[in-house]
Structures are given as structure tokens and as C-alpha cells.
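Structure 1 and structure 2 below are the same protein chain in two forms, each given by itself as C-alpha cells.
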Structure 1
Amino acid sequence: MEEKKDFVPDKYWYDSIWIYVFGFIILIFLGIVFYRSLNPEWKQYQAQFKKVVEKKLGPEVARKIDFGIKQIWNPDIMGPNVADRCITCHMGVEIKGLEGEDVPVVFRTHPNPDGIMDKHPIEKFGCTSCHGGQPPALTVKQAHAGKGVRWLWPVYTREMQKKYKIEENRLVMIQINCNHCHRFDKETPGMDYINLAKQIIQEKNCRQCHVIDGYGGNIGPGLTYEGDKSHELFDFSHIEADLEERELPKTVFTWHILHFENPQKVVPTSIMPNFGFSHKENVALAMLVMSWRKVKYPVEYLSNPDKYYTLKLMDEGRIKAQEIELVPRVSTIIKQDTQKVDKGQTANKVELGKQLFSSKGCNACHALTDQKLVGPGLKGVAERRKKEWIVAMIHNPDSMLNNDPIAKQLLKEFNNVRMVLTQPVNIEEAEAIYEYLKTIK
């Protein structure tokens, strides 16, 4: 008779339990993935949109709407491999009758202030070329570059503007993208912030120290394509505390705002003057420099395309750097006022000197007080120096800095930053500036 063997329990029975548990978890995970693949986020938005249309415009209109993934493809703006899919969720942008406040923002008809949409039709320009964001994305987080998504060109929303302390209840930062095509306009309707910044650039003669649009001085960094610079090129180490205290995002845009606010605090070695700009001016200037990018749009999209082409030729070294005018040349004013000076009208000579002091960029480095900027303050300079010395310094600073002992000493005192002339100053103009400086006592 066969002996009965003793039962030996399985020592690894608990492994089976873990396998069952993990198998169940994987099953749930696959179920979620399968459900989401059948019910993506954009389908939920389209279902909500259908209800809104039925309520506002009636069931007949709702039945005619073509649902599914929508996209605008324009290789001239987006490139050959990218499509703009914003209208998959923002389905009401071109449907009349959805303008009311009772319609959720995501489904509203796109506004048309001053006929802007007539000049920029959605089927041609898409959405992201103006509003920013990630064109192919089909989720809100990815498309809008939400928290945790690293995207260099997020959607410019009112919520984003509030982070930068822009309290206006309208889209302002969108003007950054608008200026890609309107860079060489002196003024562009609907772009008040950018227009303000362009005016400041002219008044402060920033080209005295910076290369902008291919020409200018080399005291400061070139700014022609400032908007293309990588985040890693900006040092935030001196403003970390400010970012935290003022609850500002750590972005290049913030860096520029704070730099215009207080250059030396952001870059301790900077010799850029603190002009005391208002917050709106700081934001406007930051928007302007962030808009300076190398664009590749066809000429029909560009305002003043000949100036973009001139800049391209300068980039390629095919022509020498030259001025791309944003304002009428000051030479016309100078010629007229010089004719008045020749008639012996001293008052006109002082007025001419005042205009030249600004147009030649002297005010970018010299204050009319005792304050030291890039160069010494000029209050009472006509009493401290002889006329011949001042005129020579204005007319030919290189020769003076190389040979005159007083000029050499000043050069050492001001960190060996040489006085440069981005525009030549003749003897008559130098004497006119001297006459103006005589009045600053």
C-alpha cells in the first residue's frame, strides 16, 4: 500500500498575491487609458460647445457644426510640419452670435476691434502666431503651457499678465507677437505699449550704446535679436529675493522688467543709467525687446518688408550697417536751425544745441545735473572747462581721450568707457551744443 505523503505548504504563496494585486492595478490603469483615448479632453469641450450653440443659436445651427479635430495649416508662418489646432476647442471664434458675456470665453466669437480680424483672418494667420502657445497640442495644459510644462512661448492670457502686475483687463502682452511683423512701424494702431517703447528708444537714443536693427554703439550688448536669446544666458542670482518677495515668475520677461527698473541691481557691473521709468514703461520696453526676433515670414505678412530685407543683408554681411529709419531724420531740423544760426540768432543756436544734445544721444550717457551716469554730469561744465576743450571733446572724443590729460583722467574715473559717437558731430553742431550747455548752471 502506497504511503501518504505529508502536505508541504508553498513558501512563496504571498508572491501570488502581489502578482494579483499588480495585475489588478495594471488592469485599472489600462482601463483609464482606454477610457481617455475614447473620451479625450477636446471631445468634452466640443460636447459643451454644442450645448451652448443649441441654447444661443438653436438646434438647427448645432446640427450643422462639423465636430472632430480641427486645424489650420499655414507653412508660411508655422513651418511645413506644424499645424495650429486651437480651434478644436475654441470652436466659436468665427461664429457670429456668440459674443455675449453669457457665453464661456473659450467658445466666444473672436472680437474685431478696429477691424483687426479683417486684416488678420484666422484661416491665414492661425491663433498661435498672435496669442502664443503650442500649436499641435490638444489638451489645455499642453496648449497653454500650464504648470509643469516647459514651453518657451506660452499663451498670453489675462492671468499671465496679472503675474507681471499688469492690471488692465485686456490682452496687452499679445503685442509682443504683433511686433514681429510691425517691427519697423513708427506707430501701429492697437499697439499702445509697443508704440510707447519705440518712442522711449528714440527719446533716450538707446542706439548710442546698443546695436539695434543692425547699427548702433558697442558699449552695451547688441539687442537686434534680443527675443531669441536663451533663458540660460540671463543671470537671476542678484534678483532671487525680489522675485520671491514680489511674487514674480522667473522668466526672461521678468528679468527685462527689473533690468529697466534698476539696471545696476540686476547687473551690478552695468553702466546703463537708471532712467526712473514707470512700471508701464518698464513693461512696454520689456515687451519691445522680447519682440525683437529673427522672423522668416513671407513679405506679404510684413509691414515695411524692404527694411526687413535690409536688415537681412546686414546680418549676412552683404551690405554695411546703416540706419533703418523709424522717425524723420534730424538732419532736416539741423539744416533749418543752422540757417537761422547763420543769421546770428543766438536763441536759435541754443535751441539747436538742445535738439542736438538729444538727437546725437548725449543724454543717454550724460545728465544735465551733478548725477554721474555713463559719463560725468554736465551741470556747470561751461564754467569748469574752456569752450575750446568742450567743443573738441564733442567733435572728436577719440583724439581727446588719447592725447588730452584731463580727458584721460576722466576716462579712468569712468571705468575706461570711451565716449562714442554713433552719429558724427561737426564743429558748428559742437558749438551749438556748447551754447546749450552754457545755459545749464
Structure 2
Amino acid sequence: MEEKKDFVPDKYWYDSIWIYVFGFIILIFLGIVFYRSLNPEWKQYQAQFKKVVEKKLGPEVARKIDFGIKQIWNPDIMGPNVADRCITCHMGVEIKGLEGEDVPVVFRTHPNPDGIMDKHPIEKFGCTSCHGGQPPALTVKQAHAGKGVRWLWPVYTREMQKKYKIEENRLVMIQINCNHCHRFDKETPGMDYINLAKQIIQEKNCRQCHVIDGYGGNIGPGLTYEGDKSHELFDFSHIEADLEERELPKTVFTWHILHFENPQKVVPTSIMPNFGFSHKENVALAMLVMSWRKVKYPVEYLSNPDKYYTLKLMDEGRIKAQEIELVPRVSTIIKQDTQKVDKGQTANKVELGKQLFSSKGCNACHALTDQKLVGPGLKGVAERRKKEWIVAMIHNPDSMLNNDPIAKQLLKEFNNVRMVLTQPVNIEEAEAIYEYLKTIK
């Protein structure tokens, strides 16, 4: 008689074990998810924060802390749908008594160097306007928008500064963000790197070759919104080996640092001079050009708002670059200055101008008679031309030769031989030279 086979044979009994095991694993997994949702990262920080406050300020104060998700929202500056939730973890920023190295950095009272926090109250400016980062995120990785997170502006941490070999214990890369609103300040307390870079731009006369804020030459690319250029537009092919050897991250910021270090290494055909800057200067310049981007803040959140307004009008094509060009700018400055200058100063200026005329190499191309050398003889030039015109011509011949009708005409007369300065001449110096030329009749 044949045995019935309508039941699961003994040798398959272990299949049911698998089902139990899988069931159990799924249960544990759900348990973890459930526990995590009750105990997210930020809650762990808040629990730690309570302990820190208990220790530093006493249990009385700790009991008064209001826990939960915290946020700062100012639609003017953050847009209508976003709030900064950084203070959910950074709960101590506005609490006195949590300064100092023994408090973990995430819980510290916010530092107030140069009193800047009084100028930018947190309830108005939030955190991301200065620090960057992803406003509503509630994990460190997402909020700080570090590696692997798709967000344009990360929080610039000390760790990141180390990667770029910036030897500072302060947070300095943050100045990139400061300059979104302080772009047109000549100098701002608390922004030493950016101030240094702005000074270099003047001293090295980068505008000889680059349009910045609407004016300058066209030999190199325009830089007014350099910070908005995307990663894809930069060619890293000549520096791959350097990045690896020096352990630098492959970012646009690094591209700029290396390009200032040695333009020809990054762009072999470049005619941009190698200025021999130090690493600090390269970093400062890279920070400055990265900060040059279109900002959407309302005017009351900007320093020197009229300049931003002018730039906006230009972007919209409502005024031409030439209209805010050097000539009107110089003439306003000169008008203000002439009111200040007295006779005694004028005498000094003539002397200074005389020295500058040779130290800046003008005499290589100009005689002080009627005679033409490379350029026209300068006898009586102050009677032929307006003061503003002459000062502008000396300060920025390139721009004048491109835009000003009289200068363009002269260029034709001199067979397209351009007046080129080997050293920059600032407006004060140009004025002094003018005072000197006035005496050559």
C-alpha cells in the first residue's frame, strides 16, 4: 500500500522557521523606525542641552527650557515658505552664560565679535543668511548641507576650512555670505579676508581686464556674478593631479584658489598675470569672487542699497554700463573733493603729481611740450579738456578708450596705439597728476 503524500514532509519543516525569522527581523526594523521617530537626532541634542544647562546654570534654569522644534521665520529674507530651524539644536545661541570652550560648540552662546550681532538681530536675520545651510532640515548632515547633500550653500565649518588649508581657528569662510549684503562697502569690520581681497582688486587694477559691477575692460570674462557660475563651467582637467596630491576637494572654490595661484596652470592659454599671491591672498580672492552673486534680499537688508539698485537697473537693461561708467562717478567724487581741498593742499598735490608723472612711467610716452612721442604732448592739456575727463583718462584709460567719444577719436589719431599703464593709478593720484599738468602751460 502506498503511503499518502498529502502533507508537508518532515524534511521541509525548516521553511516555517524562515518565516518566523523574517517576521522577527521586520518587527525589529519597525521597532527601530518607531523608536527613531520618537527619538530623532534633534531630540538627542535637546536632551544633551538640558544637561549642559543644568551643569552651567543650575536646574532652575534647565526646567524653564521650552523643548520641541524651534524656528525663526522672516519671509523678507528667507522667502515665504522657509524657516530657519537651526535653533532646534543650537538652543543656546541667545542664552547668556554658555560662552567658553567647555560648552560644546553646538550649544554655545553666540559670539559677538565687533558687536555684529547687535547690528543683525537673530530674530530678523535668522542663521542661514550669514552661515548658509539648509534652513528647515533637522539632522546635522542635512542642515549643514555637507558632503553628499544637494544644497548650494553649505554651513562653512572649521572642518571645511581645514580642507582648504585655511589656518584659522575663527570661522572666516562665512565672510563669503557677509559680502552678499556688504558687497559695495569698501571695508567692513569683521570681514578681514574680504577686505584684503577688495584692496587687492584696487591695487592690481583687475578691472583693466575684467568687468566688475558694470565697468572695466573686456580682455577677461566679466566677474560681476562670478559666484553664480555652476561647477560644470569650470575645467578641472589640468589640475586633477594637484587636487589629489594636495588633498584638496574638487570644488569651484578650489578651482579659484589654484587659478589665482597660477592662472596658466589651470588655463594654459591664459594671459592673466601670475601675481605671486600668498595662500591667504588666494583664499581671500576666491572668497570674494564666490560672494559675487545675485541676491534677492529687499533693500533694507543691504548695506549701500543704492549701489545694488544701480546694478539691478543695469541687469534689467534700463541703464547702460556707460551711464554709470567712470566719468560720472569720477566727477561726483571730484566735486565732493574739490570742496574740501584748500590752497596749501593744492601746492602739495602739484609736487606729488610731478613725482607720480615719472614714477608711474607717463614720461615714457608723453612729452611736456607740443611734441608727439608715443602719445600726445601734454602741454596745455588742462585747457583742452575737462578735469573729470583727464582724471578718468589717467585712472582708467582702458575704459575711456572703449567708451568715451573723445578718447576713441584720439585712439584713431594715434593709429590704435593704446595708452597702457604698467602700474595702476588711483583717483587721488590721478588728481594730483592733473594738478601738475595744469601748471604745464
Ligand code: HEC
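Not measured: the values here are computed from a predicted model. Counting starts at 1 with the first residue of structure 1 and goes up one by one along its sequence. Heads up, when I say rigid core I mean the largest set of C-alphas that superpose within 1.5 Å between the two forms.
A.B. asks: Tell me which of the two structures is the form predicted on its own, please.
C.D. replies: The form predicted on its own is the one given as structure 1; the other form is structure 2.
A.B. asks: Residue 247: with the rigid core matched between structures 1 and 2, does its Cα shift 2 Å or more?
C.D. replies: No, the C-alpha position differs by under 2 Å between structures 1 and 2.
A.B. asks: Is there a C-alpha shift of 2 Å or more at residue 47 between structures 1 and 2 once the rigid core is superposed?
C.D. replies: After core superposition, the displacement of the residue 47 C-alpha between structures 1 and 2 stays below 2 Å, so no.
A.B. asks: Is it true that residue 414 shifts between structures 1 and 2 by 2 Å or more at the Cα, once the core is aligned?
C.D. replies: Superposed on the core, residue 414 moves its C-alpha 2 Å or more between structures 1 and 2.
A.B. asks: So if we fit the rigid core, how much does the CA of residue 22 shift between structures 1 and 2, in Å?
C.D. replies: Here residue 22 registers a C-alpha shift of 4.1 Å.
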